[in-house]
Structure formats: structure tokens, C-alpha cells
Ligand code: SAJ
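Shown next as C-alpha cells: one chain only, the form predicted on its own.
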């Protein structure tokens, strides 16, 4: 072990061990990134399946960017376990990258953050000066509120026995340009010296800038509003996608025209927002605002627009079927894509699930084709298509996810197997003119 006084020298020499608690979509690439940066890495996950998969040199996540970079289990400095105590014993720095979902009533669910902290702090020895960093997305105040009571519970003193900090993850699955080794980071800490130390550590991890921003709450707030801002921007364009068709205007024509102005930021409408960040993080900010008695009206309104977008699309699809003389109880719809994001096998918070539920509740049959996902991740109300070339007798095709394999499939062959030549572009990524020339009757989100 490296003493706290010599920690900066150890960082410079690469003689330091980092523990990553939680090896999911964020934690695993973070662990690999630290390994590539020359650190000794101890990766911890409570799932034996995840640990076993990684120890087989395989990728347990749905991010294809990680497929070819899983280290060989015999790689020097690469240690994977389900035992947090081993990582605590062997590491100077412990980084927590566990999920922070919301409950069924849309309240922040912090049980994973608290559980990870409990497992860490109960193992820390007095005067060890361990640094424990939370990377999971939370609202301002969570790190201290969740972890300081645990530190006290185990008879430790923050700043002496252990030091806590916050460095929000900014990893974007499927986005090589903004991976763990390239993205900028910010760090908040109760102790500026610990903040400076973490700047040195994370500067070894990423080529992007790393800034100490002061107290923990600043870094926490920065992370949550990054995704709140995106949610608001997407909500605006989704709301316009509802308004403009009623005015007989295609939103894409409007966006293309507006984008000629130098400071217009272009977003594209869709069937809904998914993933582990944008549909979740705003509720953390809403909760914190509620706690201090300040209404988060804009954030709440934006979240409502994006959350109800699948229901809007459901209404549009029903109208399309009705106009084309297809009765609901006889309708057969094919979804192209199920994951929340193009080229990523991640179905968390996918809007496809809400859209499919609305359709099947209306007695409309839904089938799905998504080569990025395993067959066991789908709900029971949908049928899974494993061979798109065998798909036939559908009345309507809905492009739900903009996977390149979905966009570039053999549309002429699919058309021959359709009962009705109907297609709905839920992401505005299809070549509408080309499809219409083939004989498809094309509809799209935001299109009259």
C-alpha cells in the first residue's frame, strides 16, 4: 500500500491501485481505461454472472465499443471480483459507478449508492486516508448525505480515515469520440488537496481537460443539469413535432431552414427518449428542487413531453391504420429496433416498451427485430423476429431505433412480404423519397 503522503509520487510513477465498484456500461470501460493508463485495477461487481463473463474475456454489457477491448483474464494489473473488501484492502482510490435509477413513482433510488458505500466504509482501516469517489449521477448533496452517516457509523472520520469526492461520469455508450479516455471531467471534494490529487489521477485516464470545481455539490449539480438541458432541448423539438403536422408543415423542413442560422442548435424528434441518463436524471433535479421548496416547472414540463411521446406516436399509428382500412384487432406491426439508442444493445428505459404496451393494450399485434439485443430481454407482449428476411404479413413497419442495419435493410424485399406498404419513420433517418419511389407509403414523426 502507498501512504497518503506519497500518493502524488505514486500517481506520477504509476504505482497505484484503483478499485472500480460496479462494472456496468460505465464502470467496465472506466476500469479498462484505468488499466490502459497504467494503473493496477480491481474491478468489483455484485453480479457473479458479470464477473464470470469478464473473466472469460467477454463483454457483459450491450455496448459494442467494448467488445474487442475486454482484457485477457491473465492480464497483469487486472483483477476482477465480487468481493468489495479485497478491492478496499488493495486500492488507494475507490470509484463507485453503480446505477442511480428512479422508483416506480419517479423518485430517486439511492439504494445502490448507499449499499456500495456501506460495503466500502465498513472495510476501511483508520488512518488509511483512502479516497472514495462517486461517479453515479445524483442530485446536489447526495454524496455527503448518503456517505457521511456511513462513515460515522463505522467510527471513521472524513478527512482523516477516508476522503470522499465526486467526479461525474460522462461516458457515452457507442460514441468512440467521447469515450472514457477522451472526455473532459470535473471533480468536487470536501478537501481541495484531495481534489488536486484526483485531477492528477483522472488526467492520467483522459486526454480531455480535468478541472477541480470546488465543493462536491457543484460537481453533482453540473452532471445532473447536463442531462436536464438535453431533455429540455429534445422536449422542444418533440413538442414541435406534434404541432407542425397539424399546421401541414414538416418539422424537418423547419429544422433545416432554422439550422442555416449560426447559433441554432439542431435536435431531431423521435418516438421518445431512453437510456439510463436523460429519462432519469431530471427527476433527481426535480426531487432536490422540491426539497428546498422551489418549483422546477420547466424541467417537469419537458420531462412530461418526452415521457408521453410514445403515447403521441401510438395515436398517430392508430390513425395511419384507420386511414388504410386496417382494423386494430387485425393489425400486425413490425418494430425495427428496440434498444434506446442506435448501434447499442441497451434496452433500459427504451421508449419502444411504452409504445408497444400502448399498441398491444389496443389489441394490435407487435413484433420486433433488433439484432443488437438477445431474445430474452423483451417483454411478453411482443413477438421476436430473428430473421428479417422471413418477416411477412405486416401492415405497418415502425423504425423505432436508428440502427444502421435497420436503415439499410433490403426494403424492396420487405415490401414484397407486406400486407400493406406502410412505414413510419420514428427517428427521421430514412430516405423517404427513395422509399416512396419503391412503392412504400411513408409516414414519419413530425411529418403531416
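It should be emphasised that the depicted structure is a prediction, and the values quoted were computed from it without experimental measurement. Positions refer to the first chain, counted from 1.
Below: the form predicted together with the named molecule, not depicted.
The named molecule in the predicted bound form comes within 4.5 Å of a heavy atom belonging to residue 268. Residue contact with the named molecule in the predicted bound form: residue 234 places a heavy atom within 4.5 Å of it.
The named molecule is not drawn, but in the predicted bound form it has a heavy atom within 4.5 Å of residue 427. In the predicted bound form, residue 354 stays away from the named molecule, with no heavy atom inside 4.5 Å. Proximity to the named molecule in the predicted bound form, taken as heavy atoms within 4.5 Å, picks out 223-231 from the listed stretches 223-231, 199-207, 287-295, 143-151. Residue 171 is the only one of 244, 314, 112, 171 with a heavy atom lying within 4.5 Å of the named molecule in the predicted bound form. Only one of 162, 277, 331, 334 comes within 4.5 Å of the named molecule in the predicted bound form through a heavy atom, and that residue is 277.
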